[in-house]
Structure formats: C-alpha cells, structure tokens
Ligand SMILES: Cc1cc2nc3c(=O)[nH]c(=O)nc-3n(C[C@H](O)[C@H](O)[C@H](O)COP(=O)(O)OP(=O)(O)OC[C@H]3O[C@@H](n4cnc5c(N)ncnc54)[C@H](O)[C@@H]3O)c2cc1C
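Next up: a single chain in structure tokens, the form predicted on its own.
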Amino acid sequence: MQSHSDIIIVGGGPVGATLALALADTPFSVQVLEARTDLSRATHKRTLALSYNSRLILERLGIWDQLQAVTAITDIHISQRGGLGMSQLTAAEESLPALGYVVDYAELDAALHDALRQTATQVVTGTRVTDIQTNTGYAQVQATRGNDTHHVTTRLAVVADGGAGQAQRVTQEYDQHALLATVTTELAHNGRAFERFTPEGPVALLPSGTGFALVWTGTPERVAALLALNDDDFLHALHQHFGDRVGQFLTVSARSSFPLVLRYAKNTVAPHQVLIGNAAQTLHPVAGQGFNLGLRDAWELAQIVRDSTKHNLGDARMLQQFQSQRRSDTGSSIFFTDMLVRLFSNNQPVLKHARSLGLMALQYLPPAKHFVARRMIFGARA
C-alpha cells in the first residue's frame, strides 16, 4: 500500500473500478482500496441491467467486447395487475440497437479488474477503510489490512463503497424485500423485458440467456414465505402473480432476497472527498436505475478529474462543479424511482384509475414515451 496517491478510490466494485480505469491514462497516481481479498469471478453471482448508455461507457474503456454473458433488451413491456393500460418502450423507436443489456455482475467485475492489471493503478485487496479525515490540502484515509492499520494521504478520496464514508444520509424504508431468481418459461423472451406493477410492489422479468432474471418485490413476510416454497409451488405462485404473458414458468433456481431502501447522501462532497455510486445513493430496483446512475457518476467525475491539475485536484471548486453537474441526474432518478414505488405499490381505486390513464397516455403520446425512454437510458443530461 502506497503512503500517498493523488487519488484514492475506496471500493473496487464495478463503479470504483470503472472510475479507476477511466483515469488510468492520466498523470495522476491512483490507488484502489478494496475490502474483498479475492477478486476472482466466483463472487457475486447475480445479474445487472445496464442501459445502452452504460454500454457506451464500457466500450470507451475497452471492456464491452470482453463480456460474453450479455443479453440485449430490445423492448420493455409495462403494465399493472388488475388494471387497464399498458405501454411498450422499444429500441427501434429510439433508433438504438437495444434499450439495455443484462450482464453477469461477476463477469463485468472480473473484466474491469483484468483491464486494471494492465495499468499502473494499484489495487490493494483485503483492505477496509475505517475513517477519512480532512487536513489542509489533502485527505487522510485510515485503513486496516490484516492486523495492521495504515494511514495514507491523497488529494482526492473517492468513496465508491456504500459501507464506507461518513456522510449524513437520508434513509427511507419501503417495507419491501426483493426476491431474486433465475427462471425459464414456456415462451421465448425474444429480447423483451417486463415491468409489472402490483399492489405488493413491482415484479420484473429481464431477458437473460435463454430465460429470465426475476426481481419480485413484496413485503418481508411475503418474500420469506416464497423463499420457503418448493420449486413447483413457487412457480405456481409466480404464474398466479405475473400472468400468462410468457406462458408457464418451467424452472427456478438461485433464489435469494434483500431489503429495499432509498438511501442518499445529503451532500456528496466534502473537502478533498467525494461520494459516488452506492456511497452516494442506493435506489429501489424499479426501472433499473441505480447501477447505471453510479456508472454515470464515475464517468463524469473522471472527465472533471482529467481537466484538473494536481494543484486543484480535490479543491472546493472542482468538487462543487461535480456536484452541480450531477445534481439534476441524481435528483430526478431518486424522484422517478421513489414516485413509481409510491404510486403503484397500493390498491387505491382512484390511483389505480389514474395509473391506467397514465400508461395509456404514455403508449399513445410518442413525445412522452421518447422523453421517458431517453431519461431511463441516458439520465437527466440526455
């Protein structure tokens, strides 16, 4: 571990690794501190929904062509259970090859770290950051590695790990858990994803290989009960909940769950310190915005750093520029996902009628549909 680096990135997950790779050809020394001791592909067996914009970022970094387990999302079918109205977003209407892609988290993580190994960036594994203090002109990062405590200094500490940093955060509990699984179905997906809203919460089917990645939202009690079912009973419950649009559900595997919250930092910058990705905001998975928002954080921060010098790296002006530049994208993404959860996760008759009208309006008003699609793909700065 180096005692000083121009930039220290706390967290070597895909967001932190993306930032490190985007800065690899700059004159700044970069050090990544990662809590995991093993960066092999065996960790984090789950899928990610990437927007087309995230593909562009990964292409610029030379990562996209290294990914093999990629399934394109060519259209998204949006509906609500027990109500009229639906809408469909298509890549063809947006003149894009795909709206997004489903990729393997572990494969993406491994590809980013394989690329980092070809650079001068130092990735220090098995290291937990326990404190960040600011002094005049720099930040001091305290980290533990094994039984040793280290103090390293930096002009810019970037916290990309949701468990690190000391920022004051706003937390909103949704009283919902997300059940994740892989399912196969009677009908082929043909690149179509489904977002179906129910009073218990949204359920999403994302095309992944020859099947779907399932994200089923419900109360903690409901999700616990679903996890306890045998496979046949679970598939029957899923069919009853989702409907017939993909025919019968044939198999299920890799069931797991996690609680859902909205958590975001009131202020993402401090002297010589900045928060990005999950350290800055954790969103509800509805509409798949959270991870893509984190990648945009990393990419835009990298562009600002590239325009900086060692003299102004991490100073107030630079960090305020980043915060100002990201404010509209972050704020609108938080509002959009939170609004969807609150608007659709109930069975109130008036809201149900309004939702039906809204979905029909979205389907038959091309400018509105185009606006929503571009925001989901490229963010507020589209």
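Numbers follow the displayed sequence, beginning with 1. If you're wondering where the values come from, they're calculated on a predicted model, not measured in any experiment.
Absent from the display: the form predicted together with the named molecule. The rest refers to it.
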| Going by heavy atoms within 4.5 Å, which of 223-231, 74-82, 272-280, 182-190 lines up against the named molecule in the predicted bound form? | 272-280
| request: Go through 48, 341, 318, 63 and name the one with a heavy atom inside 4.5 Å of the named molecule in the predicted bound form. | output: 48
| request: With the named molecule left out of view, choose which of 178, 246, 98, 156 has a non-hydrogen atom within 4.5 angstroms of it in the predicted bound form. | output: 178
| request: Using a 4.5 Å heavy atom cut-off, state whether residue 352 contacts the named molecule in the predicted bound form. | output: no
| said: I'd like to know whether residue 308 contacts the named molecule in the predicted bound form, with contact meaning heavy atoms within 4.5 angstroms. | reply: no
| query | Though only this chain appears here, would residue 263 touch the named molecule in the predicted bound form if you measure heavy atom gaps against 4.5 Å? | reply | no
| field | Any non-hydrogen atom of residue 129 within 4.5 angstroms of the named molecule in the predicted bound form | value | yes
| message | Can you confirm whether 53, 298 and 314, the three residues that make up this candidate site, all sit within 4.5 Å of the named molecule in the predicted bound form, judged by heavy atoms? | response | no
| field | the named molecule in the predicted bound form - contacting residues of 287-324, heavy atom within 4.5 Å | value | 288, 289, 290, 291, 292
